[in-house]
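There is one chain below, alone, in structure tokens, taken in the form predicted alone.
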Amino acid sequence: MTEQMDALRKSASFARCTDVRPDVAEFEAYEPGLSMEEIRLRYGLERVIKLASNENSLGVPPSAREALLAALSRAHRYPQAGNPRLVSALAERYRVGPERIFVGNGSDELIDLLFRIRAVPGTHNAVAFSPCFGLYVTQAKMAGVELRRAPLGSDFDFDFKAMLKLTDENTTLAFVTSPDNPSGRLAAPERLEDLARALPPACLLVVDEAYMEFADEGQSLLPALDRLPNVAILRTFSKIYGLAGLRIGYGILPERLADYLWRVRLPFSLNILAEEAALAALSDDAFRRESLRFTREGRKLISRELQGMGCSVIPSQSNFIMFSPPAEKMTARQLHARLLERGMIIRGLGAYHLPDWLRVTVGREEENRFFLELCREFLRA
């Protein structure tokens, strides 16, 4: 009897020590895209093409490959605290003071830290659009912060009036992705400037410009930062610089806010290999130009051909295209499944609550044409 009681007590103690916050117990994790290996094994395929995660299909810049190899012998060392070389290079590129730059382990780290340092759990709230990048939702919940979401317009345009109606004196963060994910639509910088001025005094407007390098010239809010003290801009090396797997993000922020981010960031969150690759990629203008060229050409080709097949296509300023197949021929779910069977991975948008829509990343010319060839075959049938 004594042994049974001891076992029960130990079991109850174990249950208590493994308990988590109630909101964590109900947590829905961010849903990443399918991997190439997963589809290769599932369907027994030799050839798999992934156009689902908005990666740069050109791969890693040659200059970054060389930098990675050269830095391997130093991988047993910690990077220099504060990553001053990368901070200095970014400050020079964007002509801002280095005290306004923060670098981290992908833009995801910046989003997470902004919730943690700007919002008091149970008191403050944040606003974003619906649908939006999934990390805004998950990290708000992880921080115990209410995230209020305004629906996008029927054409996926930004309804800033609806967003402003959700704000109050306790709103400390407002997130806008431009170009947006998953639609690819752009928020005009003058509209963002108006939004920044209309937000409550305590609210920081965070403009996530992860895809801005693919947009037309003059669409970034960066030139207006000096007259907008309540704006932060996020960027990444994952897209046009082809370094998604190394996780390098950065922000251009009010100086005081950047200082707080540096104080609370985990030590060495940006590793030495990532920093060297980022420095090389940042100065590789030839790779950047080629990435922009093939993306814009591919974007135009895919949009035109999908429209010719009867698909609804949202005009994109990014490296991906959001589209809906003609319902009388095939549903989005059916088309997605058929493409997977043939080794073509694109993104179904059920996680964004858009079951009738799909998103395809612009790839190399041969990848784009194979995708279009499959779509013609399936939609014709």
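Computed from a predicted structure; not experimentally measured. We number the residues from 1 along the sequence you see.
One more form of this protein should be noted, the form predicted together with a small molecule, which is absent from this view; the next part is about it.
**Student:** Among 230-238, 276-284, 290-298, 120-128, which stretch sits within 4.5 Å of the small molecule in the model of the complex, heavy atoms only?
**Tutor:** Looking at the other structure, the answer is 230-238.
**Student:** The small molecule isn't shown here, but in the model of the complex which of L86, I111, M212, A187 has a heavy atom within 4.5 Å of it?
**Tutor:** Here the answer is residue option I111.
**Student:** I'd like to check something about Y260: if you look in the model of the complex, is any of its heavy atoms closer than or equal to 4.5 Å to a heavy atom of the small molecule?
**Tutor:** Answer no; every heavy atom of Y260 is more than 4.5 Å from the small molecule in the model of the complex.
**Student:** Whether R247 contacts the small molecule in the model of the complex should be assessed with a 4.5 Å heavy atom distance threshold; does it?
**Tutor:** Yes.
**Student:** Report whether the minimum heavy atom distance between G251 and the small molecule in the model of the complex is within 4.5 Å.
**Tutor:** Although the small molecule is absent here, G251 would stay clear of it in the model of the complex, with no heavy atoms inside 4.5 Å.
**Student:** Given that the small molecule is not shown alongside this chain, does F158 nevertheless sit within 4.5 Å of it in the model of the complex, heavy atom to heavy atom?
**Tutor:** No, F158 sits far enough from the small molecule in the model of the complex that none of its heavy atoms falls within 4.5 Å.
**Student:** Any chance S107, Y136 and N181 all have a heavy atom within 4.5 Å of the small molecule in the model of the complex?
**Tutor:** Every residue of the candidate spot has a heavy atom within 4.5 Å of the small molecule in the model of the complex.
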